[in-house]
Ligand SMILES: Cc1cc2nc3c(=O)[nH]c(=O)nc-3n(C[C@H](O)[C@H](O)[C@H](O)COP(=O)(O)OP(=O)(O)OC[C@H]3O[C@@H](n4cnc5c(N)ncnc54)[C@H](O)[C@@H]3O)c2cc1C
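In structure tokens, one chain follows: the form predicted on its own.
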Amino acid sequence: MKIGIIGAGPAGLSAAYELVKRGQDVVVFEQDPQFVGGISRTVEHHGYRFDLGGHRFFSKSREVENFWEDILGDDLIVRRRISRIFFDGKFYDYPLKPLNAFRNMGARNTALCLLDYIRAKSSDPKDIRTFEDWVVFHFGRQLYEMFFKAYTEKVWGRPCNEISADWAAQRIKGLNLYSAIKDSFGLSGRSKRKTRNGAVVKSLIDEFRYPKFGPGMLWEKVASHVTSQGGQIIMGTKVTHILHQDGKIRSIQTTGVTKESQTHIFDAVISTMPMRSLVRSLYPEVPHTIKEAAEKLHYRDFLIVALVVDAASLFPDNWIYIHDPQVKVGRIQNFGNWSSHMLPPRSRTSCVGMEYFCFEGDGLWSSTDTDLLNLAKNELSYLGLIGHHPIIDSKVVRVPKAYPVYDDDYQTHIQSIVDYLRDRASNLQLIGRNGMHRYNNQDHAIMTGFLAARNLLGEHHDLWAVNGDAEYLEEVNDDRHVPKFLKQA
């Protein structure tokens, strides 16, 4: 078969890798003129490398772990996780360690948190619909206000009572305060928290693997493998129209550097492009109801200000979550602590990434690079992380549609679109974070790519079952908010 893949991020390249391995004719279209890997790429600036966010390499899937090992070999290094939360002028270990938390909070606040937690856990679960509902039920309102609310609202740019509980169920499922306290005092007999099925809670792992030159190293190698096996990766190419007829996708129209339109005929298509953009590109146009559902899917954008600081060692963390509402920065990366190879050889400097969450076109996104640099400098100084060490270089990178938004009605809109495409585009597979409008991790995106490729070759895998275990739905025995495609999974 001749198969078109839209997007050369983790999902698209994983699908291409699987397909060329099985002798298929593959063409990948990537809008970026230079980089593969999507948000998992690594940017290089004057010898410094930095990620667009941090990307730990840890998966419950042995197949994904084997894939990383096969591609990277000895370039996949083991790193110890160190991360903290900055709140109310203090640094809290994350995962939370009771002695550190008690010392920072004081006896009164500690007692209030524990009493509130006990009260919440002994109450009957109500209709858990929003992020706020979920966290308050699992941790109590006091801990919600301290360790969840400010950061989550920075990430999404909206109140926590307008964010779906799916976000909490997907990102912090399996965490249990009582068990975490027992673990930290060595009372549980286990070094890591586990879910009910025995899998290690991903958010709590204390070690992870990482490519020594950043995650972009992996995707550059995968892209090279795809082309060496006869696949094509066409950079700087935007998909403008996807033509469908008689229940199938028939061709894709693209524009490249020359702005000339080209038509490509395929037997099947795999898409990682944002679901909203996919619906906009379908021709003939979709019914108004489907178009309206797509337009109601929203995205959160992201930018990073990378700062080179003239100091060899600033702080020990891989990253720090910033819960202080007085600053706009949401998370801070220290890339030399991810891997010393992210810095130039024999460097006595540090590269810090200041991560800001925004909407394309808002004040942050539209700020000049100079204004963003000054903002990042001032906030880093306010947080007390660099002392008097000078900043000697900087780079700003903007990432549109970095995160699909889990608002209250997103599942309904996805269901309408998925149902429509099932009937009109039976040879189309949706994969990846934006392709499925799901906040998948990198390993989930990889697995959707593998399984989509196998589906086109005659197997039958439910892509929606990847990362589909929203535990809060099991705990309250309420599946009213589960979309049909997850019920089927």
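From 1 onward, residues are counted along the sequence shown. In this text, all values refer to a predicted model and were calculated from it rather than measured experimentally.
Keep in mind that the form predicted in complex with this ligand is missing from the display, and what follows is about it.
J.: Choose one stretch from 99-107, 133-141, 79-87, 237-245: the one whose residues place a heavy atom within 4.5 angstroms of this ligand in the predicted complex.
T.: One stretch meets the cut-off, namely 237-245.
J.: Given that this ligand is not shown alongside this chain, does residue 335 nevertheless sit within 4.5 Å of it in the predicted complex, heavy atom to heavy atom?
T.: Contact check for residue 335: no, nothing within 4.5 Å of this ligand in the predicted complex.
J.: Does residue 455 reach this ligand in the predicted complex if we count a contact as any heavy atom within 4.5 Å?
T.: Contact check for residue 455: no, nothing within 4.5 Å of this ligand in the predicted complex.
J.: Spell out, yes or no, whether the shortest heavy atom distance between residue 427 and this ligand in the predicted complex is within 4.5 Å.
T.: Close contact is absent here: in the predicted complex, residue 427 is far from this ligand, nothing within 4.5 Å, heavy atoms only.
J.: Heavy atom to heavy atom, is residue 273 within 4.5 Å of this ligand in the predicted complex?
T.: Yes, residue 273 is a contact residue.
J.: Would you say all of 45, 341 and 353 touch this ligand in the predicted complex, counting a heavy atom within 4.5 Å as a touch?
T.: No: none of 45, 341 and 353 comes within 4.5 Å of this ligand in the predicted complex.
J.: Under a 4.5 angstroms heavy atom criterion, identify the one residue in 418, 372, 402, 397 near this ligand in the predicted complex.
T.: Going through each option in turn, the one that passes is 402.
J.: Name the residue from 92, 302, 167, 148 that puts a heavy atom within 4.5 Å of this ligand in the predicted complex.
T.: If I apply the 4.5 Å criterion carefully, the residue I get is 302.
J.: Quick one: name the residues from 312-349 with any non-hydrogen atom within 4.5 angstroms of this ligand in the predicted complex.
T.: Only a single residue, 331, comes within 4.5 Å of the partner.
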